[in-house]
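Before any questions on how it binds or moves, here is one chain, the form predicted on its own, in structure tokens.
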Amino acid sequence: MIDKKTLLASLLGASVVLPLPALGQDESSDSDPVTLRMAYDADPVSLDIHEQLSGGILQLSHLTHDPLVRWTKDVKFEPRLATDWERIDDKTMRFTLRDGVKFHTGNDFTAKDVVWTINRLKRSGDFKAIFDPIASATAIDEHTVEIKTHRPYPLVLNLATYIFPMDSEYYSGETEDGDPKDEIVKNGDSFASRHSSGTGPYEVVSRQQGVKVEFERFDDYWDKDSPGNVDRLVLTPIGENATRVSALLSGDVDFIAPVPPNDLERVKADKNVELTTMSGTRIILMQLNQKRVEAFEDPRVRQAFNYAVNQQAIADRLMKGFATPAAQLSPKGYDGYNDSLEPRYDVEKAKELMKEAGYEDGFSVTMMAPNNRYVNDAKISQAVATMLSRINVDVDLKTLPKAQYWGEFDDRAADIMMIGWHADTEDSANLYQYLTECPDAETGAGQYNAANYCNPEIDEKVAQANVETDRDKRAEMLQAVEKALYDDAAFMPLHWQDLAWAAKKNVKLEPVVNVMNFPYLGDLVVEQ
């Protein structure tokens, strides 16, 4: 019998592969553990849940940790590690924490872990912009925390969905090499990137980056009411779409995500699997780096690029209708969604704007995009490059696997870069905060603004909306922001990406998937 705690403490990050049975496969025991073999398009880049703000890391967070509160399928809040909450005044929210919760190390979960985690989030390069509104977190007693904001802030509960308390005792002190165990190393090697201790339903028992990650259900998991019955998870990254789908249809894996648009009908036709789909809120866009290309400082050039791209054709032909063409960041249903804004495809208009700006003969640019992060990302970037050639723009395109791409993105290594974003707070302001605000390393604003776009007047409108607690007034303010960004052509919106998952018939995915694309696999039921 392999001791899980020993593996967790000493073998994470090593090339350890444990043989696990297929779903329903017999073992020597009469009580067979239920194993789910998963294939995602990529595996998490790190075990440090504060190292990168991405879908992959947030999916991992819901496996190995628990948030204070959690989104429901209808985008409301439900208790998790916080059982109750109340607003004390316009700047203070008090949370009551669940008693009797254990971390994977066996340490008790208390208010000090929440305070420690919030303080760490505030110094994470990727998360500190989200948590900038928080002035302080204080442990009132072992199971009560008060969170104070600098000013009235309407989204404290939204933020709480991204507070996954970490084991402060486990991450305290130094490694044998003298490095702090709590340090956050972006795209690097740290104690936290190789070790994990949360309160979640699963422990990581082995990890081989890019090959396989294996999880086992935590014996002392607090949620005894969860219907989840999966004992083991095996995550194998399969970046190639057709290979991933074939792995499911042949029975090599039990669950895949995402299902590419080209294979939706193929999956639907298989009587042994079930397709689950949902309208998405992740915006896919291109950013035009104004610090690298002088022409991009001219709004007429940025507008021309927008007029040159046919979003509808990309949605229809490349995405097979499995996407909604976009003219703004906010999807329908968000407070900032402005229904007066429409995609503006018009090649002749694009040519006129280029001529007016003095670039009738065009120019050359570099473009970079991932090839295994978003649905059809490489094909989409190639289509955009081809469309830009119609206005005499010569694009040198390079696509990279996700693990390599993010380092290049952080370095702003190309003139045009692709990014996809789902608002972490399910709120429009989060989109602006990360993608369009003037970059500020101190506050974390514009962390993913690879365009280096900066419009202080628009940023001020966002700041005003973020202290407005009247929802109708706030919605009007956010819609005005969308209109201003549209007029200034701050970016090139492409589409909102729909979501699709597929699994064997006895894997009951529908109850645990959501529009955030964080399947709550701790609650997954596999019928035997």
Partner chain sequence: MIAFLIKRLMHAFVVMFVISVISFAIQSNLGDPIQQMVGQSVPESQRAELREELGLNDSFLVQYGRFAANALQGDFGYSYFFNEPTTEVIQRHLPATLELVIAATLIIVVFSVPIGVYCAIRPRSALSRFFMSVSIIGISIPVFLTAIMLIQLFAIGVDFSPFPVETGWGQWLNGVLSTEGGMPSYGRGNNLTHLFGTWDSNFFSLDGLTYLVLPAVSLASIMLPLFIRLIRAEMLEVLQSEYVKFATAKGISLKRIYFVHALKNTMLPVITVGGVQLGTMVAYTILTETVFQWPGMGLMFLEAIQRSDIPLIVTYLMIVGLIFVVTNTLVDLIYGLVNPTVKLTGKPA
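Numbering follows the first chain given and starts at 1. Nothing here was measured: the structure is a model prediction, and the numbers come from that model.
FYI, the form predicted together with the partner chain isn't displayed, but the following is about it.
Any idea which of 46-54, 489-497, 473-481, 62-70 reaches within 4.5 Å of the partner chain in the model of the complex, heavy atoms considered? That would be stretch 46-54.
Heavy atom within 4.5 Å of the partner chain in the model of the complex - the one residue of Cys454, Ala247, Val395, Ala135 that qualifies: Of Cys454, Ala247, Val395, Ala135, the residue with a heavy atom within 4.5 Å of the partner chain in the model of the complex is Ala247.
Single option in Ile130, Ala192, Val101, Leu388 placed near the partner chain in the model of the complex, where near means a heavy atom within 4.5 Å: If I apply the 4.5 Å criterion carefully, the residue I get is Ile130.
All three of Val211, Glu240 and Asp424 touching the partner chain in the model of the complex at 4.5 Å, heavy atom to heavy atom? Result yes, every residue of the spot touches the partner chain.
Verify the contact flag for Trp406: yes if a non-hydrogen atom of it lies within 4.5 Å of a non-hydrogen atom of the partner chain in the model of the complex, no if not. The answer is yes: Trp406 has a heavy atom within 4.5 Å of the partner chain.
Pro299: heavy atom within 4.5 Å of the partner chain in the model of the complex? Because no heavy atom of Pro299 falls inside 4.5 Å of the partner chain in the model of the complex, the answer is no.
Do Asp126 and the partner chain come within 4.5 Å of each other in the model of the complex, heavy atoms counted? Heavy-atom contact with the partner chain at 4.5 Å: present for Asp126.
Evaluate Tyr434 for contact with the partner chain in the model of the complex, applying a 4.5 angstroms cut-off between non-hydrogen atoms, and reply yes or no. Within the cut-off, so yes.
By 3 Å or more, the Cα spacing of Gln447 and Phe127 differs in the model of the complex; is it closer or farther than in this view? They are farther apart; the C-alpha distance rises by 3 Å or more in the model of the complex.
Which way does the C-alpha gap of Asp74 and Tyr334 go in the model of the complex, closer or farther, given it changes by 3 angstroms or more? Asp74 and Tyr334 sit closer together in the model of the complex.
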